[in-house]
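Given as structure tokens, the chain that follows is alone and in the form predicted alone.
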């Protein structure tokens, strides 16, 4: 990828550029907790976006996407927004940097990526992060890393129409090889935890399905959580988000809220605790407990939060049947991947069975991605 990028950069701009890289991410546990003020537990992975960048002395950005085979030029004012969806991520990062008082001089860039698209690994956050990091460094802006993550998040909100949380950009910027990060979505506090599962592999199995209704169903679940939190708050005014509530407090309002809201809240309160249990387990290298918590999360997402689907439940049941240490749906749900923690000696048999049995049942093969926890945004 490095060679392809630099060759194209030289062809277009006459010399090589400075190389930067940022990563996609997985989230080991802590799903649908971000907007409830809870914990998430992501890590950066060995798939990412790489860019060659060089200032050009103009008030203009000239950028080529190798993956889309497309060249775009745009200015740095609000009215210069490009038509191409991929270019808006870069334009948004420039604009959000400027809004924060950062300097952005025009630059030339060529970029490419190997983050599997549609697998829920946040290729868009990797794209935002590599440009946010590079622009910050090239211009000597001194913007701190958390603000760089917010630049990516604001780009999604203001230029790409996605009201995402901070997790994806946070993981992409802060990622560290061999470590996962526990982020408190309410306070912004974070802590690194060692993740070096000797004798295990971390593998994603992509169902290659995306069921419609995801966005409306997502909003509905968010509403349920807010309803439950509001009911609990009447008795316990300190509850700002659902993550602040104790399970006992949810039981107190069971008769006052719809059963559906109760189930959604039951899942979230349990999930906040599971993240903490996984952190404790990792500090003693107890990957069996980590795996069991992953299965519990899948059960909650499937039965209580109801964001799984037949394909994902099938992969999860197969994992359990084949003694895989941990397995769960990863991401918002309604399709996408399961994330699996698999003993190395069981890996080949599990992947073989998953491909064969999934294809026989659903008529298409799943995709398989081995992931390694890696560094986030950096200069190469």
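Residue numbers count along the first chain shown, from 1. All figures in this text were calculated on a predicted structure; none of them were measured in a lab.
Quick note: we don't show the form predicted together with adenosine-5'-diphosphate (ADP), though the next part is all about it.
Remark: residue 117 counts among the residues lining adenosine-5'-diphosphate (ADP) in the predicted bound form, judged by a heavy atom distance of 4.5 Å or less. Of the heavy atoms in residue 262, none are within 4.5 Å of adenosine-5'-diphosphate (ADP) in the predicted bound form.
The closest non-hydrogen atom of residue 170 lies beyond 4.5 Å of adenosine-5'-diphosphate (ADP) in the predicted bound form. When contacts are judged by a 4.5 Å heavy atom cut-off, residue 94 does not count as touching adenosine-5'-diphosphate (ADP) in the predicted bound form.
Though adenosine-5'-diphosphate (ADP) is absent from this view, in the predicted bound form it lies within 4.5 Å of a heavy atom of just one residue from 85, 209, 98, 276, which is 85. Residue-level contacts in the predicted bound form: of 136, 308, 243, 124, one residue has a heavy atom within 4.5 Å of adenosine-5'-diphosphate (ADP), and it is 124. Residues within 4.5 angstroms of adenosine-5'-diphosphate (ADP) in the predicted bound form, judged by any non-hydrogen atom, belong to 109-117 and to none of the other stretches in 263-271, 217-225, 284-292, 109-117. Residues of 1-29 placing a heavy atom within 4.5 Å of adenosine-5'-diphosphate (ADP) in the predicted bound form: none.
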